[in-house]
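Below you will find one chain, with nothing else, as structure tokens; this is the form predicted on its own, and questions on how it binds or moves follow later.
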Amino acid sequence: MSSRIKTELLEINMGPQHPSTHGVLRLDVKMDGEVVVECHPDLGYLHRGAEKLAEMRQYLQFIPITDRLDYLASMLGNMVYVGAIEKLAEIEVPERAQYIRVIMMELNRIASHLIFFGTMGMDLGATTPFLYGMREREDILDLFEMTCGARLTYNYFRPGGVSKDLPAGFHEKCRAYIKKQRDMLPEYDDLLTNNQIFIARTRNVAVISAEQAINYSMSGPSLRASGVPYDVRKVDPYCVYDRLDWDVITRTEGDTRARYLCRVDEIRQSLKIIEQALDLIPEGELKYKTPLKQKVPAGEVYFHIESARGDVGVYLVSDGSDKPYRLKWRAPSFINLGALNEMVKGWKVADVVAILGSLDVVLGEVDR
């Protein structure tokens, strides 16, 4: 009669100090040997009460706090908040300001995806992609600095427009960056995308079907990598995206590699959008005239946009005063993280790092 060895599940913590958790995130991982059985994200280490802070600040005073939620794509955080105010107050944004917003948002989307490219490589042991991504991102930050004076948290958008015009020399410097980035993307592919070790670590890993992605309410590249062509810029257009020619990037594989490829390909589309916006931008006003101490008509509104991480939305309730009565932030990083347990089951602990990296979460908007 043969005896059987009985084993118990091992419970380990990844984070909150672990660099591959992309911030102060703790993963409670239950393992059978090296195989993951369960994985539960433990949140709250970065909670700052942003939604409650909105109730204590005038509408303009809350804009800098929106920078600090998804701090890798702060322009997009500005946009979704001021867009909600404009929708409720029926503020008409001048056309020039709308084109400037598109340019800034797409530059910020690229900057965010470059960080993803670099950190995804570092998570799997490759240092050089991070250096490449940060090098090109510096050019974008230079453009932001010459426009609004800041390199990470911008406080640039305003209800009704933007705070200041594009500076002299911006167009030339921006076009030079577009050419440089296009020239560098084949090198990115040679370095990481087509690297055989990277392919082996990501292909067919953590496959999420279209049905599963929809059921988990995923959005952004993490959803489109599963074959769902949902992009807020197309399905519910804002600014001037419906006037520009660009494609929604989708993949059908739904694996870790597909989520990576979607973001790299989106860089190419963003460059295409920026180039068209620079060609079409008209002269004119920068901002609809609004009082400094702005009051928004009583009511409630929901406004959403496509951020670098997915469908980010603001639900705003106004009581007619100069401060929001209530504000709720729909954070795509938080919602996408809900699928992590399903994605990592059956994979090794080393794969958890790659799978989490492919979701591209930012803990500032997870905890809020």
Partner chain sequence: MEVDRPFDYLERFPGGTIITTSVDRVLEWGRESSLWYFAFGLACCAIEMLMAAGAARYDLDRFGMMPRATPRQSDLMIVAGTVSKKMAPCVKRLYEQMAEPRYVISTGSCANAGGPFADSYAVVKGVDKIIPVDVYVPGCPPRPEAIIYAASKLKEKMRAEIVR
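Numbering follows the first chain given and starts at 1. Not measured: the values here are computed from a predicted model.
There is another form of the same protein, the form predicted in complex with the partner chain; it is not shown, and what comes next is about it.
S.K.: Among 92-100, 125-133, 236-244, 259-267, which stretch has residues with heavy atoms no more than 4.5 Å from the partner chain in the predicted complex?
M.R.: Going through the listed ranges, the match is 125-133.
S.K.: Which residue, 151, 182, 295, 251, has a heavy atom that falls within 4.5 Å of the partner chain in the predicted complex?
M.R.: So the residue touching the partner chain in the predicted complex, by this definition, is 151.
S.K.: Pick from 301, 37, 43, 60: which residue has any heavy atom within 4.5 angstroms of the partner chain in the predicted complex?
M.R.: Of the listed residues, the single hit is 43.
S.K.: Residue-level question: is residue 328 within 4.5 Å of the partner chain in the predicted complex, judged on heavy atoms?
M.R.: Judged by the heavy-atom cut-off of 4.5 Å, residue 328 is well away from the partner chain in the predicted complex.
S.K.: Just checking whether residue 158 would be counted as a contact of the partner chain in the predicted complex - the rule being heavy atoms within 4.5 angstroms.
M.R.: Result no; residue 158 lies far from the partner chain in the predicted complex.
S.K.: Using 4.5 Å between non-hydrogen atoms, is residue 217 touching the partner chain in the predicted complex?
M.R.: So residue 217 does not count as contacting the partner chain.
S.K.: Is the gap between residue 53 and the partner chain in the predicted complex 4.5 Å or less for some heavy atom pair?
M.R.: Heavy-atom contact with the partner chain at 4.5 Å: present for residue 53.
S.K.: Is it the case that 341, 353 and 356 all touch the partner chain in the predicted complex, with a non-hydrogen atom of each within 4.5 angstroms?
M.R.: Contact check failed for every one of 341, 353 and 356.
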